[in-house]
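Below, in structure tokens: the form predicted on its own, a single chain.
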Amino acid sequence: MRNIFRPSEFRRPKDLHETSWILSSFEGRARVVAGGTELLVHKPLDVDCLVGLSKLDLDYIRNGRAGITIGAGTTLVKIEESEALSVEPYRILREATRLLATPTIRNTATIGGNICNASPAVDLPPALMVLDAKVIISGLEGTREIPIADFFEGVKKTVLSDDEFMVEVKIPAFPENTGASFQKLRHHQTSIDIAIVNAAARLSFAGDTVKEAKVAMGSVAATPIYSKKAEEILKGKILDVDIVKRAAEAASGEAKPIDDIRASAGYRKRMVTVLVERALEESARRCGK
């Protein structure tokens, strides 16, 4: 293995099948590249070929009756500035994006790269998880669609096979009286800091009752995770201070963080309670509750 990052080839396929064929032919030694911001940070030494996606037209945000679709090559700044994502509950994506990195990075980095990075502390997946997003994956056998929560298998590990790559994110339409919120805690609270903990929530109301609830957390396990116990506490209830507190504490109980240079596991668990509570309160406020 080389001791420096120096791929020997660069390919720019013209369609999805050619892209998968190239990836397959290198048997795990090829990486797709759009913005390249994550790739240039990690510089994997086993990569022999970079596969550019610029000819595949994966840079788009489309708003339809069934929901919103976002191409994997869409830059973060386009998400941050999108009119289609300026309304509830979709604006949670704009909020999560705005708290991610610097404007220079957001002008280059893509939603596909942020997701496929598969860091436990990454920001967009928890926001997408509470929006019930699915990812579309293309490979030699065609395309497949999976919930984004099932896309992650571990730290820096995804379900992608050697011939597969992400092409799109699909977010369904939601009923009225739905609100969502993203919360992030960083070491110095600057845009270049990755999350110590992040949390996202979505609430849909029928009158004063919570019809549906989703709570997701990042940087508290090997992958972003849902808090199923918090969701069970919230569903079918009339929201009040006690219910919100119980749900936030349940989320903290499901978190399985580690100690690292950014924070202790105990501190992270305490902050899960704080951030989930804030996310739920803000989600409810955005529904006028």
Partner chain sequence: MLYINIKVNGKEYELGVKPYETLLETLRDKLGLTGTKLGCGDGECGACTVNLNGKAVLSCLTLVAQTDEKEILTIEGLQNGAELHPIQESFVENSAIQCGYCTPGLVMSAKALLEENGDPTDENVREKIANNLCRCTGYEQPVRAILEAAKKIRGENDR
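Numbering follows the first chain given and starts at 1. If you're wondering where the values come from, they're calculated on a predicted model, not measured in any experiment.
In what follows, reference is made to the form predicted in complex with its partner chain, a form of this protein that is not presented.
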* Asked: Three residues, 33, 41 and 108; all within 4.5 Å of its partner chain in the predicted complex via heavy atoms?
  -> yes
* Exercise: residue 223 in contact with its partner chain in the predicted complex, heavy atom 4.5 Å -> no
* Asked: Heavy atom to heavy atom, is residue 159 within 4.5 Å of its partner chain in the predicted complex?
  -> no
* Give a yes/no on whether residue 270 approaches its partner chain to within 4.5 Å in the predicted complex, heavy atoms considered. => no
* Should residue 98 be classed as touching its partner chain in the predicted complex when contacts are defined as heavy atoms within 4.5 Å? -> yes
* Asked: Which of these stretches, 138-146, 199-207, 215-223, 98-106, has heavy atoms within 4.5 Å of its partner chain in the predicted complex?
  -> 98-106
* To do: Identify, from the list 155, 173, 84, 77, the residue with a heavy atom within 4.5 Å of its partner chain in the predicted complex.
  => 77
